[in-house]
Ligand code: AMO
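Encoded as structure tokens, the following chain is the form predicted alone, with no partner shown.
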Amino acid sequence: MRTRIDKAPTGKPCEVCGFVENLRETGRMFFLVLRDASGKLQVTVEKSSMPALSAMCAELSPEFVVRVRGVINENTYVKLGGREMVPESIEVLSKAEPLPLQPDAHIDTRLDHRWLDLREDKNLLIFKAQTTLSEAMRSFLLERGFLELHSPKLIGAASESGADVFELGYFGGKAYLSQSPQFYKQMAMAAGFDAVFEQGPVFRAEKSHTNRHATEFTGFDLEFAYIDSFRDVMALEAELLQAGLRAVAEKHGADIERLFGIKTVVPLLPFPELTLRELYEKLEVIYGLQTPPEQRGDLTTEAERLAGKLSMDEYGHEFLFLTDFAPEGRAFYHMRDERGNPLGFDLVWRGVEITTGAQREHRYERLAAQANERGLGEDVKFYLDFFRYGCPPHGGFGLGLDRLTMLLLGVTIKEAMFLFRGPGRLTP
């Protein structure tokens, strides 16, 4: 039975399988480097004592998939982990043609051959780190009594505003691909679930050609009830991200720094916080950023970038919460204070916005009025009905798992996703 390379025992017969990453021949020996998802192992074949295996090695090429049975011995001369396997048998499971992809190829060429691109150590580490991050955040929430949901992605009305959604035919009618599980998270609050989260696909019909936008990505969303303020939501998100990044740092921090040159920083609590007005004042005084008054109710692209620099320069912190946004740029279901200002926030990490969160309006009459202000009353009637029969105060936020991975490792969104989807790409 096959054993993963990282679990293969020393001094006992075992079987390992993987790709031939490298093959080197000397006058007396063949040296194979075998690779699976868990690690690498040197296989050493002595020509004089293993003529049949030597003949087989002569027929191998890089990226052949093989099964090797033998005994792994310790050998301090072997640079690859100080271990080598002396094989009893080698079996070819799959042959490989010469690879059509070079490591320095353009990202779009690499995406055309994504299954080959992902064989690189760096790319494998991306998804090991993403798996650890996701697992740690899920565990954090499960330990606090959250329930995991899987809401529908085929919906009968646009998630929020009707813009930027994919429309498709549905048995003679129309349906849409979900922009967000927002409405269904809140339905769970009205159902009395108290606290829920979801990790799943999100669709945005945006013709954006940036290094951080995609038309389909993996969202990590949560909602929880009986909050006193949107700051309860901010505090939970800070703890959640601290737990996730701590797990990544402990398990992959050294490899991330070695392969990507980036240190995985576990953030301290609490995260620093500024109002949007305070942010623009500081950006103008410290960095000379001039922003017209009519643009100061939301976060401009340049202000977003400089917010990351400001947070490091002023607080020595990679994260920065921003509050007091103008209502025009916030969703209709955000609760508002007595002045009409939304009770919500954005979170910026390393100069990129990663979250919009808020306390939601749970009172039916006010929520219906805010929907009608935007001309959405009929479009979201099914959603408004959730609040007709009692609903506790609640709030939540959403994160993009791919964007978190992108910022964690300093790569583009195309590299951070297993298979990227954008305006010009639907394959492979």
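Just so we're clear, the structure is a prediction, and the values are computed from it rather than from any experiment. In this text, residue numbers run from 1 along the sequence as written.
The following text describes the form predicted together with aspartyl-adenosine-5'-monophosphate (AMO), which does not appear among the structures shown.
Judged by heavy atoms within 4.5 Å of aspartyl-adenosine-5'-monophosphate (AMO) in the predicted complex, the contact stretch among the candidates 91 to 99, 177 to 185, 277 to 285, 249 to 257 is 177 to 185. In terms of contact with aspartyl-adenosine-5'-monophosphate (AMO) in the predicted complex, the residue from Thr323, Gln130, Thr355, Ser311 that brings a heavy atom within 4.5 Å is Thr355. For the candidate set Phe166, Tyr315, Phe193, Phe217, a heavy atom within 4.5 Å of aspartyl-adenosine-5'-monophosphate (AMO) in the predicted complex is found for exactly one residue, namely Phe217. Proximity of Cys14 to aspartyl-adenosine-5'-monophosphate (AMO) in the predicted complex falls outside the 4.5 Å heavy atom cutoff. Proximity of Ile413 to aspartyl-adenosine-5'-monophosphate (AMO) in the predicted complex falls within the 4.5 Å heavy atom cutoff.
Shown alone here, Arg403 lies within 4.5 Å of aspartyl-adenosine-5'-monophosphate (AMO) in the predicted complex, counting heavy atoms only.
aspartyl-adenosine-5'-monophosphate (AMO) is not drawn, but in the predicted complex it has no heavy atom within 4.5 Å of Phe30. Taking a 4.5 Å heavy atom cutoff to aspartyl-adenosine-5'-monophosphate (AMO) in the predicted complex, the contacting residues in 187 to 210 are Arg204, Glu206.
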